[in-house]
Every structure is written in structure tokens, then in C-alpha cells.
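Shown next as C-alpha cells: one chain only, the form predicted on its own.
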Amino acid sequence: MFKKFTSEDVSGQNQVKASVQRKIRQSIADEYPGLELVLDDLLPKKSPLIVAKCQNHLNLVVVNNVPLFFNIRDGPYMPTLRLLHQYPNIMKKLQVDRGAIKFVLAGANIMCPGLTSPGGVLDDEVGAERPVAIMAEGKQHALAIGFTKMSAKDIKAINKGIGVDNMHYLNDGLWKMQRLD
């Protein structure tokens, strides 16, 4: 999704009204209860909240020129990897085995066998169409953020095909864009 993403892909930036800002804050607070204590620091009520519109119905939530969250169409807001590395426990986690790491870092979707093989870890509470952090066997930080295509129980039962869509991964365009100036 962000493979060749650059600041030129941003078609417009708008400072949102206070009512829209509250709605975004509430949506993020509902999705990530682990952020509740730091939400006022991340999305200060008094500083302007910018929504940058990009191609393919992608929106970036930007504060102080730093992209913090993104969403597609009206889907759930997902944190950027930089934010996830600062607050690693805000999302449910799935872990891929060592063999899948190079493919995930190249932007490939996460296949079910990479999650169910030895080294892979599934959280049975993860449902379908939920944002998740993709961890790697033997690594401390998340290497990607994905959107589940099926629940963890279905991934285990079916064990073939795409289990998680890779939305944002280390060294993609969004990772390299530290600021939106």
C-alpha cells in the first residue's frame, strides 16, 4: 500500500473542525484503549489536527507535521509503525515465522502458513477485519501493520491463502516519510 509512497502522493491537507477532531479522537480511543493515558499528548485538543488525503481513499492523521494514524475509506484508524514502536502494546499482535520476514518486508501479504507454522503465533481473540501488529519470530519490534482477512480461528482452521493484508511495513514510503512538510 505504501510501497512507493511519497509526499507527492498527498493530494490535499485540511485542518479539521473541532467536531471532526473529537470524532477522530473518539474513534482512535475506542479502537486502542491502551492509548487512553497518552492520547492527549498525541492528539492535543488545542493543536490543529490535519487530515491529509491521498490516492486510493487513504487518509493520514497528521499532528505537528508528523503522520500518526491512517485509514482507508471509512475503515478503522491504524497507527503508523513509528507510533506503534513508541507504544508497542496498543494493538493485538500476530507473529510470523522467520521464513516470512523477508516477504513481509517486501510488502507481501501475510499468508496463513506463516502464522500457523512453528515460530508463528496467533491470538485467538483476533477477529476478522481488525487491524493487527505483525511481529516476527526473534524480533522485538513490529515489522508491519496489517488488516486481518479472517479471524485467527479461521486462519488456524483453513491454513491457506492470505490471512492478513499488509498495510504498512518497515522501510516503506510511510516509514521513510518522518514528516509531512
Partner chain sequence: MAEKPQPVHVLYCGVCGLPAEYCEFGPDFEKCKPWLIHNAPQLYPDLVQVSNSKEVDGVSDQLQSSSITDGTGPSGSSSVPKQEPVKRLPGGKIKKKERQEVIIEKVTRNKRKSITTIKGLELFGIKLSDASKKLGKKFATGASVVKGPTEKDQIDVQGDIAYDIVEFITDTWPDVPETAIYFIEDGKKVPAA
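Quick caveat: nothing in here was measured; it's all calculated off a predicted structure. Residue numbers count along the first chain shown, from 1.
Quick note: we don't show the form predicted together with its partner chain, though the next part is all about it.
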property	result
Region of this chain that lies against its partner chain in the predicted bound form, out of 66-74, 23-31, 110-118, 152-160 [heavy atom, 4.5 Å]	66-74
Contact test in the predicted bound form: L143 vs its partner chain, heavy atoms, 4.5 Å	yes
Contact test in the predicted bound form: Q15 vs its partner chain, heavy atoms, 4.5 Å	no
V38 within 4.5 Å of its partner chain in the predicted bound form, heavy atoms	yes
V132: touches its partner chain in the predicted bound form, heavy atom cutoff 4.5 angstroms	no
Residues in 67-97 with any heavy atom within 4.5 Å of its partner chain in the predicted bound form	L68, R82, L83, H85, Q86, Y87, P88
